[in-house]
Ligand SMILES: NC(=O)c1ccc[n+]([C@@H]2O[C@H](COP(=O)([O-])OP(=O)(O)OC[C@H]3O[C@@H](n4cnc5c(N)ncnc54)[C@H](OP(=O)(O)O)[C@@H]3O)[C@@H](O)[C@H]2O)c1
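Only one chain comes next, encoded as structure tokens, the form predicted on its own.
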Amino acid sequence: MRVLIIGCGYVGIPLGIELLRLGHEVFGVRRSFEGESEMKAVGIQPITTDITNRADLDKIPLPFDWVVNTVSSTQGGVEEYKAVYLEGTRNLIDWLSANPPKKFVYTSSTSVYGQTDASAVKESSPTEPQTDTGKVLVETEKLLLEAAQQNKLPTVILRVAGIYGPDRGHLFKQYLRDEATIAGKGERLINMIHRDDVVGAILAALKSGRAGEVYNAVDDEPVAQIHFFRWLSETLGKEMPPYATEEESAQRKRGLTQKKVSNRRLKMEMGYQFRYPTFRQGYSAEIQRLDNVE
């Protein structure tokens, strides 16, 4: 297969490595020259293109058998989201519709779910986020699902939870730096997935995901913040973080969701088996990796 990975970075490069191992030809798109040497070093053919510029895409030689969009917003603001996700996706649909791939996989986010009642969330649950960035992601998904329904682009959407792995994991890194605090009573649920399992889910979607369908990419165990820190404390022999002040907890609570995201569909329909079923296996591997680095 001739494969194009758009936003070939933290997830895209290990995905490319695995695709190359399976015998595919892999091209990686970044908006700047940053990362070009890293891609070349592993055998990914680098392409510098900005998907927010429609004319830029015409420089890339079609066709591709598989296209994966793992692009992320570097700035994080709503205007950046609109440009990278919404307009970028509109440009990709326009560019690919004349010569569509066999499969297009897009990594969205579980932040499209706005539930705050700790309920179980599946792919058919309402997507009504309170944040403006979350609303942009919902709009982007709608564009892709419409394109799939019109047979313009055979899209599979993966709603990816909070990614952790080598050098990634906000709460974990805060804890190691003694900067973490527990908000409220520590009851807020964290939905996570290891980077290697994001790669695995994308490969499963390319192979057997159904066009026009959505799958949650999240591990087996949503965990309360306090239980996550307690496990880290016991594993590392380190004290628990202090509780945040009421003011800090109130500020943090704004716009936060509280939900248990289900991965049942990913496992049942695509038969995906997790390398790291819970944060315990994933963070044990990361702690071991850090020990070896030291």
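Residue numbers here begin at 1 and follow the sequence given. Everything numeric in this text was worked out from a predicted model, so none of it was measured.
Separately, the form predicted together with the named molecule exists; it is not shown, and the next lines address it.
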{"query": "Heavy atom within 4.5 Å of the named molecule in the predicted complex - residue from Val112, Val156, Val84, Val218", "finding": "Val84"}
{"query": "Three-residue site Tyr10, Thr49 and Arg168 fully in contact with the named molecule in the predicted complex at 4.5 Å by heavy atom", "finding": "yes"}
{"query": "Interface stretch in the predicted complex with the named molecule - options 172 to 180, 158 to 166, 96 to 104, 123 to 131, non-hydrogen atom within 4.5 Å", "finding": "158 to 166"}
{"query": "Asn263 within 4.5 Å of the named molecule in the predicted complex, heavy atoms", "finding": "no"}
{"query": "Residue contact check: Ser108 to the named molecule in the predicted complex, 4.5 Å heavy atom", "finding": "yes"}
{"query": "Any non-hydrogen atom of Thr257 within 4.5 angstroms of the named molecule in the predicted complex", "finding": "no"}
{"query": "Contact test in the predicted complex: Val29 vs the named molecule, heavy atoms, 4.5 Å", "finding": "yes"}
